[in-house]
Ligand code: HEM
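Below, in structure tokens: the form predicted alone, a single chain.
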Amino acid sequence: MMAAGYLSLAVFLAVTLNHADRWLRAAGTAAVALGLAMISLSILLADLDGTLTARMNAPTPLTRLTPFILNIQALVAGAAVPFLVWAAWAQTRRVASAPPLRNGAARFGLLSRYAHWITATLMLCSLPMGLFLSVLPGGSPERATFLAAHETMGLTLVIVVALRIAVLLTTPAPGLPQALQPWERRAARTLHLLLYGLIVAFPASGLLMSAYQGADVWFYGWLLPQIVAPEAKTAALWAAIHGWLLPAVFYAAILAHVGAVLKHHFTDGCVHDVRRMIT
């Protein structure tokens, strides 16, 4: 099953990126580079075979934007590949020790790290998959397969986030780095809360969209029961929220998150801050 494959990849990356063995860390980093390269290639192939071009004549302006957004994602993913290849090489030269299971005063423990990277992997695979669904012909077997995987991954995210929150309640997160300015601390807390909310809002809105459309929702091969009666106008509202509003907010939030990490690591020289969540 496609969703199980993505979950296995997420677990593999979470474990290898935080392993004490430098070669396993390098393998995990190289796997991220390979995954992003495959995403870029799949979007390029969709351009070449006309799958995306056909959507440029779609009836609504937002739908016509889908090929553009997917190509922007392909460019960003492709641009990250050389950096990750370099990072994989750098990991082979760096000795590190694995963190404890629980969070400490200076860095996150393995439970939090695993949940973080599983969440990140599933989110970054689910988003382009959701956009790609909109360009596949309705009723095609290929679209049904991708949709079932997309739904399963979304509901899996809710479970992973719930587990991560449970871990944080029992073993508090380390404090924010002392070098941060007060406004940076407030921004970091706000951004983390926003990302948690978005990760839960995505599958919740998708579930409501499908429910009001009267469509089936699958979770690892299990058909979930209908929770509401179909209603076209409400379905359209949830479709707009799930397909456009939440992705726009998420992309802005994740750019801010990654930008802050890169700034602290490369500009401010706070190399240990990044290693709070990666070995």
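Values in this document were obtained by computation on a predicted structure and should not be read as measured data. Numbers follow the displayed sequence, beginning with 1.
Beyond what is shown, the protein has a form predicted together with the named molecule; the following relates to that form.
Remark: Phe202 counts among the residues lining the named molecule in the predicted bound form, judged by a heavy atom distance of 4.5 Å or less. The named molecule in the predicted bound form comes within 4.5 Å of no heavy atom belonging to Pro230. Contact annotation for Gly28: none of its heavy atoms lies within 4.5 Å of the named molecule in the predicted bound form.
Within 4.5 Å of some heavy atom of the named molecule in the predicted bound form lies at least one heavy atom of Gly243. Of the listed positions (Leu157, Ala74, Val167, Leu195), a single one reaches within 4.5 angstroms of the named molecule by any non-hydrogen atom in the predicted bound form, namely Leu157. Of the residues given (Met209, Ala88, Leu111, Val161), Met209 alone sits with a heavy atom within 4.5 Å of the named molecule in the predicted bound form.
The stretch from 76-84, 121-129, 178-186, 91-99 that comes within 4.5 Å of the named molecule in the predicted bound form, counting heavy atoms only, is 121-129. Scanning 132-166 for heavy atoms within 4.5 Å of the named molecule in the predicted bound form gives Leu133, Ser134, Arg143, Leu147, His150, Glu151, Gly154, Leu155, Leu157 in sequence order.
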